[in-house]
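To begin, one chain is listed below as structure tokens, in the form predicted on its own.
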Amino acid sequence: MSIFEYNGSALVAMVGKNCFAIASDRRLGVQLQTIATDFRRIYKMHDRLFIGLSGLATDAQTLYQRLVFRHKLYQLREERDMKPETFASLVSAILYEKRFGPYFCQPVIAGLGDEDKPFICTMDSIGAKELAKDFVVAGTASESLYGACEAMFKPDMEPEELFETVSQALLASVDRDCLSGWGGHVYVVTPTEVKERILKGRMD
């Protein structure tokens, strides 16, 4: 078993019309044993920028603490919030400087940039970015997420339809992966509000 699969995870970010959704499962396991069913994988950097960290849970939490530290330094120096593109470059640089002993994480970054344009991207454990205009996925359920998102995605969805689409894709996918599941956690972010919802899924 790969170290990335040790705790299990499912992450997806999807773009809508001037909005985006980012969703994750809630299971924390040690291989096939479930430890917690309310684990948080998506973190808020500021009101318009979120990061999801799949992979090894301990490394995810360590990496998140480093990112908060760097983002707060940026806010003090620049007196503004970081743009999603800038933040993606920061995450990539932090991962790449540890490339010989990497954080076992695959981040998913989602944010609203200039003129409320949604930005999503994912990267591997050494910071190689993959940008997308529709959706990005990560975690042990990524294969089934690709299929579900490919089938369900359509461009320029309104926030409510986007929530429905990303939720159905997540729930359908984690049922096909034994290392992730136990419900879901969905954020839908528009220029004016952030909606957070908890999904109930199969509890097995």
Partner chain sequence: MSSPAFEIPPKGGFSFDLCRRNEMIAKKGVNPPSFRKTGTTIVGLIFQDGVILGADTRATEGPIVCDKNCEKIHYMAPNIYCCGAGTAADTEAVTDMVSSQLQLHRYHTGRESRVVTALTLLKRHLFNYQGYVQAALVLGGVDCTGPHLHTIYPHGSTDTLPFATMGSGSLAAMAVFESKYREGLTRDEGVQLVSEAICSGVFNDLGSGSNVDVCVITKGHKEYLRNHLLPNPRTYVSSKGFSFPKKTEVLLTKITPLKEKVVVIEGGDAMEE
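Treat the numbers as computed from the prediction; the structure is a model and nothing was measured. Residue numbers count along the first chain shown, from 1.
What comes next is about the form predicted in complex with its partner chain, which does not appear here.
Here the marked residues 47, 123 and 190 all reach its partner chain in the model of the complex, each with a heavy atom within 4.5 angstroms. Taking non-hydrogen atoms only, residue 163 approaches its partner chain to within 4.5 angstroms in the model of the complex. Residue contact check for residue 67: none of its heavy atoms lie within 4.5 Å of its partner chain in the model of the complex.
Proximity of residue 72 to its partner chain in the model of the complex falls outside the 4.5 Å heavy atom cutoff. Residue 84 falls outside the set of residues with a heavy atom inside 4.5 Å of its partner chain in the model of the complex.
Scanning 180-204 for heavy atoms within 4.5 Å of its partner chain in the model of the complex gives 190, 191, 192, 193, 194, 195, 196, 197, 198, 199, 200 in sequence order.
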